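In structure tokens, the next block holds one chain alone, the form predicted on its own.
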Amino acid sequence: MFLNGRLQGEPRLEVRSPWNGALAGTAAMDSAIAVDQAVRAAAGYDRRLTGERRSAILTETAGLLRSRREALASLITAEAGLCYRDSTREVDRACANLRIAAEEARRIHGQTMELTAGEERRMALTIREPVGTVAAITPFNRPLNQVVVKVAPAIAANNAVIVKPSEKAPLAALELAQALVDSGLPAEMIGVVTGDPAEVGTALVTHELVDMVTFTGSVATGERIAAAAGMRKLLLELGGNDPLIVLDDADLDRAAAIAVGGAFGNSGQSCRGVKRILVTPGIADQFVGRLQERTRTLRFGDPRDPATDVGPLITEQYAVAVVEVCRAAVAQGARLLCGGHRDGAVVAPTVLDHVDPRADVVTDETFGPVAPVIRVGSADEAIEVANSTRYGLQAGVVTNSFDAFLSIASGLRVGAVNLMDGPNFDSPYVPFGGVKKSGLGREGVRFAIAEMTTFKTVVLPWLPPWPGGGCMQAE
């Protein structure tokens, strides 16, 4: 584990490339005892680090990661199989989140207000305090930025944080922890535990000294965490089944480009990627033709090649499952236009047309490079189909009619709706999270800080008169 500013423990966890099985690195197989050590060290943090100092540390960390951009991108590609171009974007996004967290660390403020108790005037002050010790459990698909998304706001808010990264891709998280300590973060503010999630994850979320759990991953795991965590704060991002809605008046070239970027970016392993494409009848044939044409130009294979667009999934087992769910959709009446096969862990970019809205490929979250097209009769039917799953994360709409967009946006049960863009749009400045089974709470730096702090209210007698007459008035 990473504890007291350095790696400890025997490196018994081998992390291998999903592309060719090459050894990407090693990490420890931590135990519940190691988790207890890490949490107790974090709980001992005295929380005296000022906002200015926390801001400086986060800024310095962003600079360190930026200076190591190529090496970190190569590490991410090696451990998680992300295409190199996606890995470089991963580093850039992590740096941006760190810099924004540094800005927000300077402006965590409360309020003042006047109260009355009978005839007596009083003043109340609200103070935002750190929640305490945060347990952050992160997935494999974004092994650096998903860690930063949780760690940077936690530190900005003056919390200590223990990270449990995916055992499939833990190496970038360890590099981040070292960069934070190298930038001056007190060693007790950051810990990383690695290994079997059944042991390490359970020990972490149930530890008596953990005050908050933030998790990104599947609905099933999120529900188990919520049940195990009990009475403590939760921030859960549990994935999506995000629709892209394309109306008859859409710019078809733009719509096809949005669909391809959203469905196949990160090899389709993105909770906010395009998972369903709902197309109205007037342009369905033309849109599908352009989607198929663009998809056939994508290069898939070796993620180390800068020209590769789609690399492997995290394991061959995941690839097998994606191909099987596509075959099942075809058995239910869908038409396979391209892809639908795999080589090892690499699934060829796949386009399915005439997909049944009840098919598993579109009712569950298919975590792979698949673009399923569902033909709908109208915008109202698109809303109905979009809302028909248990998820409600984000959505995209391509239309030239602002009135039509507003009608769709008001009808969708999701956390965000993007006009002329896909559900995969993101910005660290806006709240990110969903409704229904897509999770609890909101990420996005400023909003995550709000989740990771608590209010304390201090009530005072009204200020006494100034010496010499008059009294101090609250503005």
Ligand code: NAD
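Note that residue numbering follows the sequence shown and begins at 1. No experiment lies behind these values; they were computed from the predicted model shown.
We do not show the form predicted together with the named molecule, though everything after this point is about it.
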Which of 348-356, 214-222, 103-111, 321-329 lies within 4.5 Å of the named molecule in the model of the complex, heavy atoms considered? The stretch 214-222
_Any non-hydrogen atom of A160 within 4.5 angstroms of the named molecule in the model of the complex_ = no
Check your understanding: Would Q146 sit within 4.5 Å of the named molecule in the model of the complex, counting heavy atoms only?
Key -> yes
Worksheet item: Does at least one non-hydrogen atom of N141 fall within 4.5 angstroms of the named molecule in the model of the complex?
Response: yes
message = Please determine whether T202 contacts the named molecule in the model of the complex, using a 4.5 Å cut-off between heavy atoms.
response = yes
(message) When the named molecule is placed as it is in the model of the complex, are P11, A38 and E188 each within 4.5 Å of it, taking any non-hydrogen atom of the residue?
(response) no
Contact with the named molecule in the model of the complex, heavy atom within 4.5 Å, among A382, V192, I374, L393 goes to L393
As a check of understanding, the residue in E167, D302, D309, D248 with any heavy atom within 4.5 Å of the named molecule in the model of the complex should be identified as E167
Checked 234-268 against the named molecule in the model of the complex; residues with a heavy atom within 4.5 Å, sequence order, are E237, L238, G239, G240
